[in-house]
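We begin with a single chain expressed as C-alpha cells, specifically the form predicted on its own.
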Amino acid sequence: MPRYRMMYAKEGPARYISHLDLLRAFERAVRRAGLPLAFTLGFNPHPKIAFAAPLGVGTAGEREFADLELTANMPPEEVAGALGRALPEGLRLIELRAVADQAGALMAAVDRATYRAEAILSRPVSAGEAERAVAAFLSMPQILVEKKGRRGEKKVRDIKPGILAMSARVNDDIIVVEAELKTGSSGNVRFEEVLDAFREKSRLPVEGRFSLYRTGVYAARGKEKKSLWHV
C-alpha cells in the first residue's frame, strides 16, 4: 500500500494531547480529508499511522514525523493539501512525501532527538555561570536518576551515557537549555529527567517549570545524525 511520510508540528494547547489522542486526532483528520486510510486486518483493525517516537505530554514538537498508509495511490501534494486543511488547531503539517516500498519502519530508525527548554530566572545569571554549570554537570562520573517501576518499586539508573550534547545560554532573565539525547528502543533518556537532575545539581535560580520543546528526531549514521525526513 502507498505510504506517505509526514513532518508536522505539535504546538500550543495541542502539546497536552496524549500519544493515544494524537493518533485519534490524525485518524479523524484523515477521515475528514476524505483520504482512503488503510487499516490493519483482524477482529480489531487499527489505522496504519505510525509515529517516529512518542512525545511527552506538555512538550511541544517542532519537527515530528509519522508515516501514513492509504489504500490508493494519490499525488503527495494532493494528500498534503487535503490533510493540512483537516488537521485541528495545534497540529500543523509542514511537509509530506511518498515513501519507497522498501523503506524501513520509521520507529526502528530513531536513535536520538534534540530538545530545548526555557525558564525564567529569579536573579541575574551570567553566560559564564550558565556554561560552567553545564560543564560541571557533564563532568560528573554518573548522573543517577530514580524512577518507579510498574509495580511501584524504585529503580536507579545512570542517564549520563544517553546525554550526547548539552548547552545553556541566558537571554535577559530567561535561561535556555538545549540537549541532544539518546532516543528509541534502547538507552532512551527523557529530557524532563535531565532537567530535573541539572536543576538539582547546578542550583541555578530557575523559577517555575521549564517550557519544553522537541526540536528534531534523528537516525544515526555512524557518528553523524540524519534527519528522519531523509531516511
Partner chain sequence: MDVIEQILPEVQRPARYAGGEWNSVRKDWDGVDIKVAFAFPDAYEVGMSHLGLQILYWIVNGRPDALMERVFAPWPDMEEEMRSRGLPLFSLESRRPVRDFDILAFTLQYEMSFSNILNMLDLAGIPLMAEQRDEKFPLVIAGGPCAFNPEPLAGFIDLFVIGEGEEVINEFLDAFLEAKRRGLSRQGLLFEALKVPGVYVPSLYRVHYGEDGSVLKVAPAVEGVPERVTKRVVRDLNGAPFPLRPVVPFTEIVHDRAMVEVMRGCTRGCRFCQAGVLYRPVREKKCETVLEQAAGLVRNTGYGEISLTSLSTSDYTPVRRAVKALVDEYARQGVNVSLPSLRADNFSVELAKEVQRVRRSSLTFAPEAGTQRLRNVINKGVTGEDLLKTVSAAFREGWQAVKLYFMIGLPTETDEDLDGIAGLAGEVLALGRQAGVPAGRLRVTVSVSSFVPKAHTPFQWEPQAPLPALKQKQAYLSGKLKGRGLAFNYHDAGLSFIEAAFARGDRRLGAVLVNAFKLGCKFDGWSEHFSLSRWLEAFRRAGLNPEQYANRRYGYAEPLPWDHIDSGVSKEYLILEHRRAMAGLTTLDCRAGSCTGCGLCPALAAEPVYAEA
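Numbering follows the first chain given and starts at 1. Because the structure is predicted, anything quoted here is derived from the model rather than measured.
The following text describes the form predicted together with its partner chain, which does not appear among the structures shown.
- A residue is said to contact a partner when one of its heavy atoms sits within 4.5 Å of a partner heavy atom; Arg28 meets this definition for its partner chain in the model of the complex.
- Looking at Lys148, you'd find every heavy atom of it more than 4.5 angstroms from its partner chain in the model of the complex.
- Within this chain, Thr215 is remote from the site of its partner chain in the model of the complex, having no heavy atom within 4.5 Å.
- Contact check for Ala9: every heavy atom lies farther than 4.5 Å from its partner chain in the model of the complex.
- With its partner chain left out of view, the stretch that reaches within 4.5 Å of it through heavy atoms in the model of the complex is, among 106-114, 82-90, 150-158, 124-132, 82-90.
- Shown here without its partner chain, the chain has Gly208, Arg209, Ser211 in 205-219 lying with a heavy atom within 4.5 Å of that partner in the model of the complex.
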